[in-house]
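One chain follows as structure tokens, the form predicted on its own.
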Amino acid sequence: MTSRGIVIVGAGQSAAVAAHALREHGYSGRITMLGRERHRPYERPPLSKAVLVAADGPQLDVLTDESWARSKIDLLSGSDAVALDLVQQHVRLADGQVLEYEICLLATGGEAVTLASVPAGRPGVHYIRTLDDARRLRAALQGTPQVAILGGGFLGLEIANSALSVGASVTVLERATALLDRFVPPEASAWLESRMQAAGATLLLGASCSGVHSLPAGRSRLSTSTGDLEVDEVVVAVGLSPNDALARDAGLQIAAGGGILIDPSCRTSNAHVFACGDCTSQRRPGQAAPTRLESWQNANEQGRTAAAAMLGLPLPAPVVPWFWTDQGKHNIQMLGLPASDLEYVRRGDPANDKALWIGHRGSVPLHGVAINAGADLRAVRPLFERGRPVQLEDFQLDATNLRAWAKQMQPDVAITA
């Protein structure tokens, strides 16, 4: 490495993990990190939960004070990178400053998808992506308001549960006719719908919003496909788009569905530029096209992988994708990736608020969904990592010891008494 050092564009979870890993691997050169926000890198999962409702503000920093100091990161907060020059190997900032790099890591994350019919910045309208966004919504939830949430995905439902927990009246509008139908089997979707309704949420499925209109006293009227709806606050949670404009304008290869295209080492189409986190798209086993994974685990794993690759070190072993969401008092975890052609078998009964599904193709476990059954999902994880057919009949029996069954399904694993 030369004195140019490493420039990391972005200051979120993946960026912080990568910078810390570089130091752990012994890199002693300069690390410059560019962040639009005026905060140190923080974790985003609590933004839809604890930040909205906890009595005391949760600890959000990705790195402890000690780890941050030891990592010796030159953080330029409130900075916006506007151009990446692949030939001259430098990044230009909005204020005109130019930073040269030996290696550049793009960890630019994503932006909340906005609706033209519900513009951001309008009074009473909230898009949640940053800590400041979440703090504004927290303030708005004081006084038990009526809240409309546009989008019944993971984020929208987490916000709905948080709002319900502080006494708000909540209506969720979702275009699909079932909750999370692209991610969980129908039984799990139906269970989630019943639990949301039991918690007090009104669900308008198969519904859309065509506009928002201001009313006296700061209220809003939503024009929806099911009729008008008057509320105090509107939260839009309809997805995340990869923040890949800097890479696109520089001429880096972008995946057809969006996201900076990276190889298994997180290298882009330019040898001196790597990328990690929500801004990326990566080809994965069993997937016909590159995919984007917006998850805490993926941000961490890609950050570590990019750090090792930038230093020419062996890459960490790839892991099976894992995701979790807390929906009120319930925990949902997923392992692997969903696909439309999977068949699901179930253990447990969702009516009792505990169940585990394995989605398989030809008896090969490819997707696991656990409701309040994280320990059970961990017990069968080796079968997902192994990627071979298993006998699923015993899995469905409550009397089966899952850990012993999982070992039995792996002939190369010794079974001890």
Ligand SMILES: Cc1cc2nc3c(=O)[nH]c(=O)nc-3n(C[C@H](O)[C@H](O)[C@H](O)COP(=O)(O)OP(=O)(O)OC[C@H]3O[C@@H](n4cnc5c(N)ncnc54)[C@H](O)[C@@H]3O)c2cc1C
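Numbering starts at 1 and follows the sequence shown. Bear in mind the structure is a predicted one, so any value in this text is a computation, not a measurement.
Absent from the display: the form predicted together with the named molecule. The rest refers to it.
In the predicted complex, the named molecule stays beyond 4.5 Å of every heavy atom belonging to Gln282. At a distance threshold of 4.5 angstroms between non-hydrogen atoms, Asp74 is out of contact with the named molecule in the predicted complex. Shown alone here, Asp181 lies farther than 4.5 Å from the named molecule in the predicted complex, counting heavy atoms only.
When contacts are judged by a 4.5 Å heavy atom cut-off, Thr171 does not count as touching the named molecule in the predicted complex. Considering the named molecule in the predicted complex, the lone stretch of 161 to 169, 78 to 86, 341 to 349, 264 to 272 in range is 78 to 86 [heavy atom distance within 4.5 Å]. Between the options Glu37, Asp61, Glu385, Asp353, the residue in contact with the named molecule in the predicted complex by a heavy atom within 4.5 angstroms is Glu37. For the options Thr224, Ser220, Ser295, Gln333, the one in contact with the named molecule in the predicted complex, meaning a heavy atom within 4.5 Å, is Ser295. Contacts to the named molecule in the predicted complex (heavy atom within 4.5 Å) from stretch 33 to 59: Leu34, Gly35, Arg36, Glu37, Arg44, Pro45, Leu47, Ser48, Lys49.
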